[in-house]
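Next comes just one chain, in structure tokens: the form predicted on its own.
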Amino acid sequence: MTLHEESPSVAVNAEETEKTAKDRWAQTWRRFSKNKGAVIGAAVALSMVLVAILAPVLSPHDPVKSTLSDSLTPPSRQFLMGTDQLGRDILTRIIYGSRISLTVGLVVQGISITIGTTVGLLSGYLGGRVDDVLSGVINIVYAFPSLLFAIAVLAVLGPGMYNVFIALGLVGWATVARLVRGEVLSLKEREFVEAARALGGNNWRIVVRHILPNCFGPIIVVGTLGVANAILSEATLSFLGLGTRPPTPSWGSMLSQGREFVWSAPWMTIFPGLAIFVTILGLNMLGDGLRDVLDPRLRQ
């Protein structure tokens, strides 16, 4: 058979592969669009991203400028969510606070996924003593209460945005590592991995091209849920005075300031609390929906 006779077959196979990939993505999108919880969660997440990006456009006032003559003003036409004890607009500070929450969630999960995926791949694929050592480290980190561990790290490093990234990133990677390790232990015995190994593929190529892509689904799910957990942890740390420093608007610090006025100015705690509640609920719904869509065992 000549080269010219083989070319149409190769072209047909390429077209079939491309069509299969498109069909798979189309099926995934249909399953996602039919999952109401996932759609609602995606709408909340997209809204948060847009609010964070368009904060200067959407904000009616300055988020840090104090106007004592307007202090503790109840919700009105001028201040839709009222003002705090320094006369700062609550709505404006919530809008700018979404930037802090979104940044913390994405950066912390970026750190956690990078470290956790690397450790999980090495532990699961190499096995033996490497697996024993890395699994021991994972279990040690996982055994510590995450929030208490983050507080301990911040007690050493001090409060601040960058230190929050480090503290929460060092806490969250163990969950990702355990998940990836379990996936790798299952995948490395599959037929396609054995075939790649039989064809002379080295360990690096097998891990990067065959095993890691099959871990993307679980990683996306745990990453989405991890963003919600990171936002809640940052709010907790800011509430305790270990997060962002004043006057930077943070939902947790706004709750902390509002607890002194919970009876005289309840809007100072109600609206930041609602912002945290809606965001965490939306991200959790998105994560659960993605799990239902991407996990073949749950597609029924």
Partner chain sequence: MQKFILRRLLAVIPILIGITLVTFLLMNVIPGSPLALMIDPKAGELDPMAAKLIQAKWGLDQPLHIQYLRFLKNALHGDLGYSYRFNQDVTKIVLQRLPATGRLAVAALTVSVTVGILAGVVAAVKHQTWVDSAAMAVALIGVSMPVFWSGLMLMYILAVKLRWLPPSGYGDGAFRYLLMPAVTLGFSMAGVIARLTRSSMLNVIRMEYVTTARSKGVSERGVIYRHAFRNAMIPVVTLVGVQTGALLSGAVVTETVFSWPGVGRLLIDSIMFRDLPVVQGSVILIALIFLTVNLAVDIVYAYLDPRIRY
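Positions refer to the first chain, counted from 1. Everything quoted here is computed from the prediction, not taken from an experiment.
Keep in mind that the form predicted in complex with its partner chain is missing from the display, and what follows is about it.
With the partner removed from view, the residue among 121, 106, 134, 147 that has a non-hydrogen atom within 4.5 Å of its partner chain in the predicted complex turns out to be 147. The contact with its partner chain in the predicted complex, taken as any heavy atom within 4.5 Å, belongs to 274 out of 26, 53, 274, 64. Looking at residue 247, you'd find every heavy atom of it more than 4.5 angstroms from its partner chain in the predicted complex. Among heavy atoms of residue 290, none comes within 4.5 Å of its partner chain in the predicted complex. Shown alone here, residue 262 lies within 4.5 Å of its partner chain in the predicted complex, counting heavy atoms only. Looking at residue 80, you'd find every heavy atom of it more than 4.5 angstroms from its partner chain in the predicted complex.
Partner contact region in the predicted complex: 232-240, out of 26-34, 65-73, 40-48, 232-240, criterion any non-hydrogen atom within 4.5 Å of its partner chain. The putative spot formed by 95, 114 and 294 is not touched by its partner chain in the predicted complex; no residue has a non-hydrogen atom within 4.5 angstroms of it. Residues 140, 143, 144, 145, 147, 148, 149, 151, 152, 153, 155, 156, 157 of 133-161 are found to place at least one heavy atom within 4.5 Å of its partner chain in the predicted complex.
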